[in-house]
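Presented as structure tokens, the chain that follows is alone, the form predicted on its own.
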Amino acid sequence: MRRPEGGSYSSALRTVDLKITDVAFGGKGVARENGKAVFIPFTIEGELVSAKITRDKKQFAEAEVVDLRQRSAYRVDPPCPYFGRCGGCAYQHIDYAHQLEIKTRQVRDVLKRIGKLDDVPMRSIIPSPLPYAYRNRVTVHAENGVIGYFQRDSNRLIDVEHCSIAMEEVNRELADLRSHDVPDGHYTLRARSGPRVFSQTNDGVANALRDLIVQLMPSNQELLVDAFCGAGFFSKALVGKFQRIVGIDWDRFAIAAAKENATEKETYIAGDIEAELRRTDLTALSGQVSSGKTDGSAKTAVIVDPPAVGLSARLRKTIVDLAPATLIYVSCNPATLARDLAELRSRFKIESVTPLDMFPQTAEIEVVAQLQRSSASTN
């Protein structure tokens, strides 16, 4: 019989008493046993637990709660009957206001640990107007007559009749799907019809995110390059602040949607983000809308909203070389944001970092970083 990697059978499945000292990015509580980190899901800092070690590695261990010996004052009863088994939500056992405190702390800690970014100017987290019933779409899976979500840490399905974090319109779609004998596969259920292009799943926080970017962007600007622009959600809100807007996205369907109601100021390009940005000359483009400037990029801005993997090394270098006066980075992964900001600091100053709770009850966090070209910083 093979020995577990980094552990032993004698140490696995033992039960220990632990105190939770933190909640890590990803949602698991953190305790220490003889200096080693032990990660325990569905716990809150300050709680005392008896926990069964399920995985014992050289650097860390994982465990499951056997007995909750001392409850946190922030612990609440989860409204969802699938919570704890379903792999979607991590925080339904935590009071919503405290979820926001945890996520704020996690963003600050990740920026410091991964990006070596100390004393980052953090703004208050923007909460979701709806802690539940906020998702305007979900993807469920069907297999052998079971329709629902994957179990936590498993590829097995849980049969789900109602999703607590989905809008009622989405749950009606789920009920309709469940009333039919559907083939095995994946089904995306939506609250409303429209172009099948990327959009945020929480309408209230998406609008707050758009408003925040409008607020952070200076007025009377010349050129905006909106990378990963999608259907132009940010660009179209910023038309009044720029003389010209160039949006870039690899998704040709999103670009087609952006073009449908574009003004004369707007140009949308379907193509590779890095390649198109490399072809962009901010000074030359600015010169097309304004003459007589000694610094053609003095009133230019770039927005990036990459997927969870963040910016590639080449794309980071391209942005540093372009050196727009203002850079807004929208991130759905604080870890890759921290990595990218560490490199972008060579040319930019971080003016503010704002977390947004786009996904209440889950461990996911949206973050907006506002940067200014170092030579253009007001401070």
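It should be emphasised that the depicted structure is a prediction, and the values quoted were computed from it without experimental measurement. Just count from 1 along the sequence shown to find any residue number.
The same protein has a further form, the form predicted together with a small molecule, not shown here; the description that follows concerns it.
Participant: Report the residue, out of Asp251, Asp95, Glu169, Asp211, that has at least one non-hydrogen atom within 4.5 angstroms of the small molecule in the predicted bound form.
Facilitator: Contact residue from the list: Asp251.
Participant: Note which of Ala142, Ala257, Val205, Ile273 lies within 4.5 Å of the small molecule in the predicted bound form, where distance is taken over heavy atoms; exactly one does.
Facilitator: The residue from Ala142, Ala257, Val205, Ile273 that makes the contact is Ile273.
Participant: Is there any non-hydrogen atom of Gln200 lying within 4.5 Å of the small molecule in the predicted bound form?
Facilitator: Yes - in the predicted bound form, heavy atoms of Gln200 and the small molecule come within 4.5 Å of each other.
Participant: Does at least one non-hydrogen atom of Pro307 fall within 4.5 angstroms of the small molecule in the predicted bound form?
Facilitator: Close contact exists here: in the predicted bound form, Pro307 approaches the small molecule to within 4.5 Å, heavy atoms only.
Participant: Quick check on Phe83: any heavy atom within 4.5 Å of the small molecule in the predicted bound form?
Facilitator: Contact check for Phe83: no, nothing within 4.5 Å of the small molecule in the predicted bound form.
Participant: Is Gly230 part of the interface with the small molecule in the predicted bound form - any heavy atom within 4.5 Å?
Facilitator: Yes, Gly230 sits close enough to the small molecule in the predicted bound form that at least one of its heavy atoms falls within 4.5 Å.
Participant: Exactly one stretch in 74-82, 121-129, 104-112, 299-307 has heavy atoms within 4.5 Å of the small molecule in the predicted bound form; which is it?
Facilitator: Of the stretches listed, the one contacting the partner is 299-307.
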